[in-house]
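Coming up are structure 1 and structure 2: the same protein chain in two forms, each one given alone as structure tokens.
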Structure 1
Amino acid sequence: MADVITLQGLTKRFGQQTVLNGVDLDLQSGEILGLIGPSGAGKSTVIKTTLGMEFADSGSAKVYGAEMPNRVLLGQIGYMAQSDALYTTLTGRENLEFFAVMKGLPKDTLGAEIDRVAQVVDLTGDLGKRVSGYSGGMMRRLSLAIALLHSPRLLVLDEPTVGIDPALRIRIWEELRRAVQAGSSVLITTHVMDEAEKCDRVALLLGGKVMAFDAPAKLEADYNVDTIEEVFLKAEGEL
């Protein structure tokens, strides 16, 4: 399998604080890679540095062999940030239409694609409402729908299921697995440990370092525990 994302010795400082300290990671084609760790571990910084939104102090970050930002590659990436970047004066449908056009969706398929992603995140009945009237959870779901538009080659999702009920979380994970079967690759951050079990590989980030990186079952065997949550606690020294 080819590398989709390759991080080597990635180091990032903000003032005197070292947020990433020599991070080595790779995302393979056709897999879901879960990045887990406590708040402040550097998960969002990994994503921002990978996508060229932040510049590393040392090391390298490449997507499909190219350094970011790269306009051509950015058009092939579905990105969902931790904070929602939506136009609150527009309706949900108008937001989706705007981003669909930005992503270059053909006009003749635009409506059907909007309907598809709205159904995945259970927003079909709310597309006509202004986003200013959406709850926080609805905004997260709309942001995820935007990321899913046009079946991107790479999905980069930062805490996509925060504030989303368990039943819808299951449906979203089913959609992520379908996306991978259709040829996409997924990098996802989460603090929900049962979601980490659904990933093909998991990287545990603590104090800006990757403490463990492998398939969930392999990590559980290596740490002699039954769940990823226990791997996490053992790596932190809590077990």
Structure 2
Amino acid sequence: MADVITLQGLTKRFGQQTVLNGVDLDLQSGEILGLIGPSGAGKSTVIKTTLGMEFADSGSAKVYGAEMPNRVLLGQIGYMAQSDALYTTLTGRENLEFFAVMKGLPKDTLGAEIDRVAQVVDLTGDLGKRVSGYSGGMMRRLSLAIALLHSPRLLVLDEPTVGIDPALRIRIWEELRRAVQAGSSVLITTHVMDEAEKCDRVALLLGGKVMAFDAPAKLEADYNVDTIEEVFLKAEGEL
């Protein structure tokens, strides 16, 4: 199976601070990869370098075999940021329309695609309302819907379920599984340890390097613990 994402020896410095110190990571087609690590470990930097928003100081980031940054390739990546990143004076539908056109969706499928993603996140009835009137959960759902537009082959989600109620979180994960079954791949960063359990593979970013990188069950066996949370704590303790 071809790699969807390949990160090799990624190094990134911000001023005096070395955030990434030779990160090696790969995302296989049809899997959900969870990236975990303490705050400030560089998870967002990994995402930004993968998307071409940042230049790495050394090393390479490739998506579908193409070196990033690559503007055209962005049309095939769905991105959901940590912040809601919505135009609050616009309605839900207008937000979706805007980003759909930015992504390059053809005009004739626009309406149908918007309806589809709205249905996935259960916002169909609220599309006509201005986002300023949305609740926090509704904004998160809209944010996810925007990422799902045009069923991208690669979904990159930066802490997508922060502050989300459990029911909604389950729904989001159901959608992610469905997308993977339909052929997409997912890179997700999270602080929520039980979410990490649901990933196909987990990468633990610590001290600028990927300290552990395997299926959750295998990691737990390697570290001789029962949960990913303990893997995390044990690995941090060892550093």
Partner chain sequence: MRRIIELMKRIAKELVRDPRTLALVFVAPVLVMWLMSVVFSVNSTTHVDVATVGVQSSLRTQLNDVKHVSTHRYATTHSAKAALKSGKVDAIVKERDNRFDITYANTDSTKTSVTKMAFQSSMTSTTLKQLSEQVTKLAMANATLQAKMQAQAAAQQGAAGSTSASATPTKKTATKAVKVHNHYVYGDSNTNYFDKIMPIMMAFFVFLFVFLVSGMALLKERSTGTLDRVLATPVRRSEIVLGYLGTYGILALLQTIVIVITTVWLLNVEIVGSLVNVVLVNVLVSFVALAAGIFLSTLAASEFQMMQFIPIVIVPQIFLSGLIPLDSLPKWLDYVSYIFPLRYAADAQNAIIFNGDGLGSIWLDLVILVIFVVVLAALNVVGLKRYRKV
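Every residue number counts along structure 1's sequence, beginning with 1. Only the largest set of C-alpha atoms that superpose within 1.5 Å between the two forms is called the rigid core. All values derive from a computational prediction rather than experimental measurement.
Student: Of the two forms I pasted, which one is the form predicted together with its partner chain: 1 or 2?
Tutor: Structure 2, which is the form predicted together with its partner chain, differs in this respect from structure 1.
Student: Leu127 and Glu159 - when the change between the two structures is described as two rigid parts, are they grouped together?
Tutor: Per C-alpha fit, Leu127 does not go with Glu159.
Student: Angle of the smaller rigid domain relative to the larger one between the two structures, in °, please.
Tutor: Rigid-part rotation, C-alpha based: 14 degrees.
Student: When the rigid core is overlaid, by how much has the CA of Tyr134 moved between the two structures, in Å to one decimal?
Tutor: In the core superposition between the two structures, the C-alpha of Tyr134 moves 3.1 Å.
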